[in-house]
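Okay, so here's just one chain, in structure tokens, the form predicted alone.
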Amino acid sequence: MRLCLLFLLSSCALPTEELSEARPGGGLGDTAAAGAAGDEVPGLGAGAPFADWPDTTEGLTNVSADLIEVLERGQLAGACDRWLASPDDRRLKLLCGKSMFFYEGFGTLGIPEALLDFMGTEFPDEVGRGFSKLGLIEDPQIPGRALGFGPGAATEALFGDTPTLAMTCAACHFGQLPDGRYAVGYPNLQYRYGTHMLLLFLAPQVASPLYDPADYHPDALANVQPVIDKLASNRLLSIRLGIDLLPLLGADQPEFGLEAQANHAKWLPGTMDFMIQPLPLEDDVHTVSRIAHLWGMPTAEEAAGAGMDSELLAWTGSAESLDDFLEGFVLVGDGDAHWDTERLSPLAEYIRSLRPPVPLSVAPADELERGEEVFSSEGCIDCHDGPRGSGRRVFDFEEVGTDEALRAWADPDLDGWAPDGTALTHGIKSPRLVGLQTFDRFLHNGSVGSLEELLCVDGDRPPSAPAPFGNQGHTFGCDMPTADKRALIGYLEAH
């Protein structure tokens, strides 16, 4: 019994970037530690590109140790209807956008609802309720279901359509910080996306009486072995899964070849290739991207004022604006056509309002001042001189020296165009430098584990893994005195 799994083109790929892919560090964009406007941290300069920017959150809670508070204590339900009734109320518009961020699937291709909920409830020891052991956060309103899933396109099967759940923005861009707070816009670097997809694909196969492990890649099986063992040892559980998925009989099975399975098993938490089987698009090249943060995106006006050709979103800088990206995402995911830029505007405006969490502690003022001096004197600002410490242009991989597998993303022939006609850069963007104190993966592929490792504080990095997992390059600053490195790290982590 082979049952259908339809996976959406995950919004894990929302077009933002993280730590430096050009020179090390960078002004972490906010003299107020990227927190509440007006609360300056001593020692942080107020000049561009690190000046604070207006707080446009309208008092919404986007960072808190209280999950219910982050979910606005039930106000997200019906928020879009309330905004449509009062279209001039900006706070209601942001609440609508926040509701969309967490719960709107836009009718894109999704995962069978019965399968997702079964796996999220029946394996608390193996994957956690709501896949919490895979880095997702259980929805307090829907036990066993993770935050970050909303209605997807129905699946056509033998007995009629069956509902699916598509990933929303929150699946990859919301999570729990190392200090225990929850934060919207956080790159969920704990999310084991590859393992999650393997589980959802392999579980129905294991439950089938025709299951033969020889048909699947051994690395993929090893990655989800605890779930396989439980299904194999509990026949009643396997039967229940089969019964739950009976409505999917006759539905199409997406391709998920052995090579793609093996690649999923290799990805570190917080990393993925989102143009690979079993997703709808396959670009025939294995690349790895780290989930991006959504804090402090430049407005079109800021980008123009900084002399940027566009908002330069995505790791490659190919996305010219957030509005264009969101509308294109819905189209690529085969979502409902009525989701045009106007209807998506609450989501876009909400994302643009997101600010990094205020650090719970910062370095002493003299260290911050020294770090700011190093940032300028050692040339970090040369490549991080845009809004919030972002770059103002796209860099060639030769300039940075990092793993260049991403050069061929969506374009293995390097002819300059993606399948949808988008012009590609074949380069790498210097990302915005805000919220770095919350990260434990750096560079575009997540191959470096700390700012200390990035700046070679304890010596050279360990030998690089093969592409696309290489940790080479971006050694700018590695030859600085250790004291300067420490001061720079303190400066970076203060934003």
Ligand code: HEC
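This one's a predicted model, so the numbers in the text were calculated from it and none came from an experiment. Start at 1 and count along the sequence shown; that's the residue number.
The same protein also has a form predicted in complex with heme C, omitted here; what follows describes it.
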query	finding
Partner contact for R486 in the predicted bound form: heme C, 4.5 angstroms, heavy atom	no
Contact label in the predicted bound form: D219 to heme C, heavy atom within 4.5 Å	no
Touches heme C in the predicted bound form: N223 (any heavy atom, 4.5 Å)	no
is_contact(T168, heme C) in the predicted bound form, heavy atom dist at most 4.5 Å	yes
Residue stretch of 112 to 120, 235 to 243, 393 to 401, 251 to 259 approaching heme C in the predicted bound form, non-hydrogen atom distance within 4.5 Å	393 to 401
Three-residue site L347, K429 and H474 fully in contact with heme C in the predicted bound form at 4.5 Å by heavy atom	yes
Listed residue that, although heme C is not shown, lies within 4.5 Å of it in the predicted bound form (heavy atoms), from A292, V127, A405, A303	A292
Partner-contacting position among K98, H173, R388, R355 - heavy atom within 4.5 Å of heme C in the predicted bound form	H173
In the predicted bound form: members of 110 to 147 within 4.5 Å of heme C, any heavy atom	none
